[in-house]
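Only one chain comes next, encoded as structure tokens, the form predicted alone.
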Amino acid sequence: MTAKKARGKKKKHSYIWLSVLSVVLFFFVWWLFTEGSLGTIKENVLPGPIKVFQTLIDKFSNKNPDGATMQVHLWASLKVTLTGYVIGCLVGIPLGILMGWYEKADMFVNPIFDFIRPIPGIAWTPLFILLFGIGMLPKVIVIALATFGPALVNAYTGIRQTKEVHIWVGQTFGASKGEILRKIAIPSSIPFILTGMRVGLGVAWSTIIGAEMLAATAGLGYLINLCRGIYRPDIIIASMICVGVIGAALGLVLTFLERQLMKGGRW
């Protein structure tokens, strides 16, 4: 191992320890002001970390007070999120590619997209409830819309970033416009497309929580909203921890897949 690599590895380890220290400090301060010697905050207002983690573990086997365990709510949220996310990517990415490559498609779709894009996905929920009732379908559509924007914008940007010299080389060798799109523009835009997918996944996961708080019979958002009404802050915080952990895990999985694709030199 070279001296430069050794220094880089040491620096990386120091960053990891700083990250661990920040998390430990956060939980220590939380414990100190709730369950520790400076405990001035009442448990029914803000329970301490020990109480919350006990509740979290218990909720995986205890159906009270909502009639379902934590894993039931996790699966309900994940199922809707991943279904809507896939639909949003399948529609947004190809449309973004077409808009980026064909000017007429851009001129046709862009005015509608510019009108829809500023509207948060959660804002569509009441309308879709009126149209489709309370069930999986309206939430899937909301998630698809939330994913659609980042997927389209990044695919569009990736296609527009295609270098002119690469296009010129393709034209020199007699490639048609469609062949240049398939063999040059799309492969060069893959990093942008993957970034859009990662951003879209984060937006989708945060949107489902809000949608479930408005209309759902299961899911983490539903559980948070229910426990707000019965004044159970320990379950609310436990659910929020699950939201954060699952969201981070989904992001890490997609980042890992992106790095593997780029590392393998497939694009």
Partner chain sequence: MLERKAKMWQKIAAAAVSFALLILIWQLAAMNPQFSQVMPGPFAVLQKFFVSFVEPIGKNVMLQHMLITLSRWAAGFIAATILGIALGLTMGWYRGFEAFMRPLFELVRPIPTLAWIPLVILWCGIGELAKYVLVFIGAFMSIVQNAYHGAKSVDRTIVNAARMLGCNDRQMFFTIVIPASVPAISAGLQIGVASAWSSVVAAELVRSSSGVGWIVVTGQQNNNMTQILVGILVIAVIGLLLALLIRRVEDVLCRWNKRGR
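Numbering follows the first chain given and starts at 1. Under this definition, the rigid core comprises the largest set of C-alpha atoms superposing within 1.5 Å between the forms. Since the structure is predicted, the reported quantities are computational estimates derived from the model, not experimental observations.
Not on display, but discussed next: the form predicted in complex with its partner chain.
Of the candidates Thr217, Thr69, Gln54, Ser206, Ser206 is the one whose heavy atoms come within 4.5 Å of its partner chain in the predicted bound form; the others do not.
Val243 belongs to the set of residues with a heavy atom inside 4.5 Å of its partner chain in the predicted bound form.
Looking at Val45, you'd find a heavy atom of it within 4.5 angstroms of its partner chain in the predicted bound form. Shown alone here, Pro49 lies farther than 4.5 Å from its partner chain in the predicted bound form, counting heavy atoms only. Although the partner is absent here, Val91 sits far enough away that none of its heavy atoms falls within 4.5 Å of its partner chain in the predicted bound form.
Heavy atoms within 4.5 Å of its partner chain in the predicted bound form are found in one stretch of 136-144, 91-99, 108-116, 75-83, which is 108-116. Taken together, the three residues Ser19, Phe27 and Ile129 all come within 4.5 Å of its partner chain in the predicted bound form, as judged by their closest heavy atom. Residues Ile209, Gly210, Met213, Leu214, Ile224, Asn225, Arg228, Tyr231, Pro233, Ile236 of 209-236 are found to place at least one heavy atom within 4.5 Å of its partner chain in the predicted bound form. When two forms of a protein are overlaid on their rigid core, residues whose CA moves 2 Å or more are considered shifted, and Leu21 is one of them between the shown form and the other one.
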